[in-house]
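Let's start with one chain on its own, the form predicted alone, as structure tokens.
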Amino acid sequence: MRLLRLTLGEFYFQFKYGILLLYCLITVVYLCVLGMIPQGAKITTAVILVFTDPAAMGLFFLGAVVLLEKSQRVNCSLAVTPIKVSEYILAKVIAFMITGTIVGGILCIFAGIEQLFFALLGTALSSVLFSLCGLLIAVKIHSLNQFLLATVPLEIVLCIPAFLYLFNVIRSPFMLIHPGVAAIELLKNSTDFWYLCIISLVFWIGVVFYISKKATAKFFAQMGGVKL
């Protein structure tokens, strides 16, 4: 019940600061873009849009939310409540996952992606991974400029191999160990290795969740300028 209330609070936060409205507008823009794309390239374009935006929205927006909470001293209040670190993380991740998956689902349906279940699963899992990465970076830095700079290497590592795989520059089942490649494989309806994609994404989500939880616990323990 506490996790549910926290998650609803995250949705209210998204609504209050215009994140939901922004993504409604972005969705309309993307639908217009897809409407102008030839049918032969529509699915590939949709995969790129979903992977780089709805799926990855948590990387930037969750990080921005944490930075805003820092500036408003919200974390200082949360640090003295019974809320667990895992609940704090899960509430944010779930909220952005749901928002991103809905947007991604709309784009996939409009593009005519047939295996919608795998596309939604790829969007949801990659959204969780990106969100955890955004949280991990945000709890360690102190300004928006630092955050934007810190996300660049992460974007390169996650996105470039995925795009090389999407455009057949690199083709090997061993590449599915890379989470970005696994997400692309699910999104583009190539379901021969769907189980390997899920295992890869779940594994990396577990690794990043563990690291993020440690970093967030340390962040809360240092509230007030002293290490408890």
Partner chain sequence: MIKVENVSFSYTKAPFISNISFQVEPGEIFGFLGPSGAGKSTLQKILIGMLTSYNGSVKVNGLEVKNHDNSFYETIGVDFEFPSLYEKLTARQNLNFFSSLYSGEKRNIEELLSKVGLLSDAEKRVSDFSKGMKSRLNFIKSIVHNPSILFLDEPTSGLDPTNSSLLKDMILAEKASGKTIILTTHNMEDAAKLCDRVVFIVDGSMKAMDTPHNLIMRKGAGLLKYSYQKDGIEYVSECPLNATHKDETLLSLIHSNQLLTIHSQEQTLGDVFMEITGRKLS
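Numbering follows the first chain given and starts at 1. Here the structure is a predicted model, which is why all the values come from computation and not from measurement.
Another form, the form predicted in complex with the partner chain, is not on view; read the next lines as being about it.
key: Contact residue in the predicted bound form, from Ile102, Leu154, Ile109, Leu78 (heavy atom within 4.5 Å of the partner chain)   = It is Leu78 that has a heavy atom within 4.5 Å of the partner.
query = in the predicted bound form, does Glu69 have a heavy atom within 4.5 Å of the partner chain?
reply = Flag for Glu69 set to yes.
query = How about Leu121: is it within 4.5 Å of the partner chain in the predicted bound form, going by heavy atoms?
reply = Leu121: no contact with the partner chain in the predicted bound form.
request  = Please run the contact check for Val74 against the partner chain in the predicted bound form: heavy atoms, 4.5 angstroms, yes or no?
outcome  = Val74: contacts the partner chain in the predicted bound form.
message = Contact with the partner chain in the predicted bound form for Ile141, defined as at least one heavy atom pair within 4.5 Å: yes or no?
response = Flag for Ile141 set to no.
request  = Quick one: find which of 125 to 133, 112 to 120, 79 to 87, 93 to 101 has residues within 4.5 Å of the partner chain in the predicted bound form by heavy atom distance.
outcome  = Stretch with heavy atoms near the partner: 79 to 87.
key: Interface residues of 17 to 53 toward the partner chain, as seen in the predicted bound form [heavy atoms, 4.5 Å]   = Sequence-ordered list has one entry, Tyr17.
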